[in-house]
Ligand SMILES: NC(=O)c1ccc[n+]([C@@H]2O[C@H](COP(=O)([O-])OP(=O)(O)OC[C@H]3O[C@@H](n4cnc5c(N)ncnc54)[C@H](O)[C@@H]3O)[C@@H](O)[C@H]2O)c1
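Just one chain is shown here, as structure tokens, and it is the form predicted alone.
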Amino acid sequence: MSGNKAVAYKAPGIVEIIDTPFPTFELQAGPGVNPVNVGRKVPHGVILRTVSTNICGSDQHMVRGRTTAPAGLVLGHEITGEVIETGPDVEFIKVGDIVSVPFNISCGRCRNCKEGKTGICLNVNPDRPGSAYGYVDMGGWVGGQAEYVLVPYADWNLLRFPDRDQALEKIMDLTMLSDILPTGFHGAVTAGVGVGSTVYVAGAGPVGLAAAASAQLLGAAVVIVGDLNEDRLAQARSFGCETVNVTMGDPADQIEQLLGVREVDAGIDAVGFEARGHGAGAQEAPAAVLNSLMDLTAAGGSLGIPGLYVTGDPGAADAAAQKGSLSLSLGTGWAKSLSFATGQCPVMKYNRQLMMAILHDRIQIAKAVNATAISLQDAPRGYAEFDAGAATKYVLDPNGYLSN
């Protein structure tokens, strides 16, 4: 085989379908690929024929031009696939397996991986701990919004589904295991959600909705989702969440109307660095969500922060925010003894358990996030509609598995 079509970032607001080389077991030079990684051998890897690959809000940050992503970068870190070729060092994963790919690339050998911190592997990105497919400053591993993709350290990284037919039947749910379901679940876990908790989730995009569904799975008594997009709030209400529209002002006022108090037990930031303030016509204010969560989370509580924050944002309003420096009311957090958890979700910590919850009908995550399958060729439309606020999780179908 020699051909491979993929979705690539071209310029702010523009993605295109390109022809790109078929993956091999040696890393090649290309847009965003760390020069130190070029020529790196991957005998421990496999080549997947992509079953499904999702458009993520994190991709959207790059496509908006809000990162330092280079033109030509092949996108896509939410990958599910069928193994079609294995490297000579792969022992347990077999050709024909249907597998979920954690968006974190990890080696399984370094200290962090051995401690379960797979989001900050020390060996896969020469510049800093942590790596991902098709993402800026993440080591340059080629993205999976493509017909075929290489996955390194396959025996370690891949989650094999136990039954092929069952997996394909539930694939629209299982495709969420690569990122947004574990990420949302991680946000809920690190926020301290448990039986009887009251929870506020800032953001009703797919990760926020996944966090809300995860909070329900963990036994929360009330889950409240805040956003400025009424269609996305309606999606949250569709599976039993309460909602607040932040264009109406301080969410604490609406939370008080729902709960009788202005605070919740657990707060989750599923918005990230492109946050806006509260009230009609509010402008971008990257610290707004974090400061709001500190105000409305009860003393002694925790903030789970799966929302993305970056160290390079050329589109930020001021020089400090362009480098990831935000005006946080840390004194509020200190005074209330709040705990904070940030960073990539260590997907492998949760994905097998969540797979079992899906296979045994404990969670219907595709319905919760309004998952919709589209062709690879329709990816530019999916990006445009998602950027415009569609209450939809777009799932790309490069090889026709979802239409069979």
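Not measured: the values here are computed from a predicted model. Heads up: residue numbers just count along the shown sequence, starting at 1.
One more form of this protein should be noted, the form predicted together with this ligand, which is absent from this view; the next part is about it.
- Note that among 110 to 118, 151 to 159, 179 to 187, 255 to 263, the stretch whose heavy atoms approach this ligand to within 4.5 Å in the predicted complex is 179 to 187.
- This ligand in the predicted complex comes within 4.5 Å of no heavy atom belonging to residue 133.
- Remark: residue 386 counts among the residues lining this ligand in the predicted complex, judged by a heavy atom distance of 4.5 Å or less.
- In the predicted complex, at least one heavy atom of residue 275 sits within 4.5 Å of a heavy atom of this ligand.
- Using a 4.5 Å cutoff between non-hydrogen atoms, residue 228 counts as a contact of this ligand in the predicted complex.
- The single contact residue among 146, 193, 271, 223, judged by any heavy atom lying within 4.5 Å of this ligand in the predicted complex, is 271.
- With the partner omitted from this view, the residue of 207, 75, 101, 213 that lies near this ligand in the predicted complex is 207 [heavy atom within 4.5 Å].
- Looking at this ligand in the predicted complex, residues 57, 308 and 343 each place a heavy atom within 4.5 Å of it.
- Residue 246 is the only one in 238 to 264 with at least one heavy atom within 4.5 Å of this ligand in the predicted complex.
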